[in-house]
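Two forms of the same protein chain are encoded below as structure tokens; each is given separately, as structure 1 and structure 2.
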Structure 1
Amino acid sequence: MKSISLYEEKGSLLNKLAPESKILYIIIALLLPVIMGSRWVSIGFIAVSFFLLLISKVLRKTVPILSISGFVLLTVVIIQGIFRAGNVTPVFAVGPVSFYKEGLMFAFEIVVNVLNILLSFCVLILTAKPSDIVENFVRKGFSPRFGYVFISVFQIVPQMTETMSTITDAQRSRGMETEGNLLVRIKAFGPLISPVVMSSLINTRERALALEVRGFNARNKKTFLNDEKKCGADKYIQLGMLAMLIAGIVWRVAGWR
């Protein structure tokens, strides 16, 4: 059975770390550039995330995520580079169209921030089991409802992708053309998307019934099938990241810019 999450077990150090260490990394990666007000901090975290994903052997799984985002970011660069208000310094031209330094620099900051967000989240979702993340949250006192919503967010994209693939194969076996030029794909979109939506609604209903049968709303104290995931390095990594955050705050307050 195919997994409906993006997690991959590679036996790496990141796989062994507790989910809260990786969640803390995301928080630090997003907060520290804002506190210090420097795009170079974001670039540094991009490099760190890239390295962590590389040594964890899951870097290739970021390709689809970055490809989809890359198309959007490319349009941002084009639009800002040409049309942003305040563009005054031409850098280069493509035919009659000029790109300006001010717009390109603004677009560069957007690209850096988005890549930092995406790669730091990839560190979590590609190396931590959703079930481990939820169990750790519940152990810390969070509501199981919060845990269910959290895990659903991670599962919805892989689940929709798997459903879409299954329905596409089924429609193709019935003789429907799903590949070809743009017009053929547009014609196939309706017959494909309708079953996907209906399947998702049915799955939601089935999940609700399954949760009710298994006592999801029971008020008794919950027990856990698996032991809490911990690594000896977790405490030191978390303390190190908190020290980085405090140092960044002190640096900003002291005005050492």
Structure 2
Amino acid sequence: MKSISLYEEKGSLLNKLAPESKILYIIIALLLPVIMGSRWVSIGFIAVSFFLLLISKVLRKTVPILSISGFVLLTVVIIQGIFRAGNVTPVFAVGPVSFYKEGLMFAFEIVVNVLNILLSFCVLILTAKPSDIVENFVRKGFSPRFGYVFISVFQIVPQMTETMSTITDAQRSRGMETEGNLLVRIKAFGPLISPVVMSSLINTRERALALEVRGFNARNKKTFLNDEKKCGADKYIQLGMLAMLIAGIVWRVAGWR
């Protein structure tokens, strides 16, 4: 079954760390630049994220993510560079259009922030299994019901796409055309979508029954099948990051005086 999660076990250092450490990393990567009010901090975090992704051997997986957002960011640079209100200092010109310093600086700020957000989230998403993330939250008191809902998305979506492709095969076997103009595709909609809906309803009912017989709604304290995902370094890493956060706040408050 194809997974919709981007995570892949590579046995890397980051794979071994607790998801909380990576979530904390996202928080400080996003907060510290704001607290310290410097985009150099963001740039620093971008570099750190790059480094972390590199040593986790997942840098290549960021390429599709970065190229899609890169396209959007490019349009931001062009539009802000040319049209931003308050553009006065031309920097360079391409043919008849000139780019202005103010707009470019503004666009640069946006690019840095977006990259920082994307890459720090990549550090989490590409190195932590979704079910580990949710399970560790449940351990910390998050509702197991909602936890299940989150995890089940990762199971149900691939299952549904698989059902979809079987249904398409079954109907094509009966002579249904799926390729062609819009009318052909609209005609194919009913024979494809109704079995999907019916199967999902049947599956949902069965899933509910299966969960119930295994005590999903039981009020006892729940135990976990898997060991908690964490390692010895996690405590120090988390403390270290908290210390950085506090140091940042102190620096800022002290700097104001």
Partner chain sequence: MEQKNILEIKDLHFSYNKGDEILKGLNFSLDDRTTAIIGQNGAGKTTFVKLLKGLLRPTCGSILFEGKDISTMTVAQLARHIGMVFQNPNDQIFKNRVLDEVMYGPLKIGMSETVAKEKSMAALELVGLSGFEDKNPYDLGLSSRKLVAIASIIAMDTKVIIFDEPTIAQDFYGKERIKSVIRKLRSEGVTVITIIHDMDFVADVFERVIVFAKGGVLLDGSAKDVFADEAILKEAYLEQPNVTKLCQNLGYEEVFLNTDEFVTYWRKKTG
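Rigid core: the largest C-alpha set superposing within 1.5 Å between the two forms. By convention here, residues take numbers in order along the sequence of structure 1, the first being 1. A quick note: this is a predicted structure, and the numbers were derived from the prediction, not measured.
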{"property": "Structure, 1 versus 2, that is the form predicted together with the partner chain", "result": "2"}
{"property": "After fitting the core, residue 194 CA displacement of 2 Å or more between the two structures", "result": "yes"}
{"property": "Threshold 2 Å Cα movement between the two structures at residue 60, rigid core reference", "result": "no"}
{"property": "Cα displacement of residue 203 between the two structures reaching 2 Å, rigid core superposed", "result": "yes"}
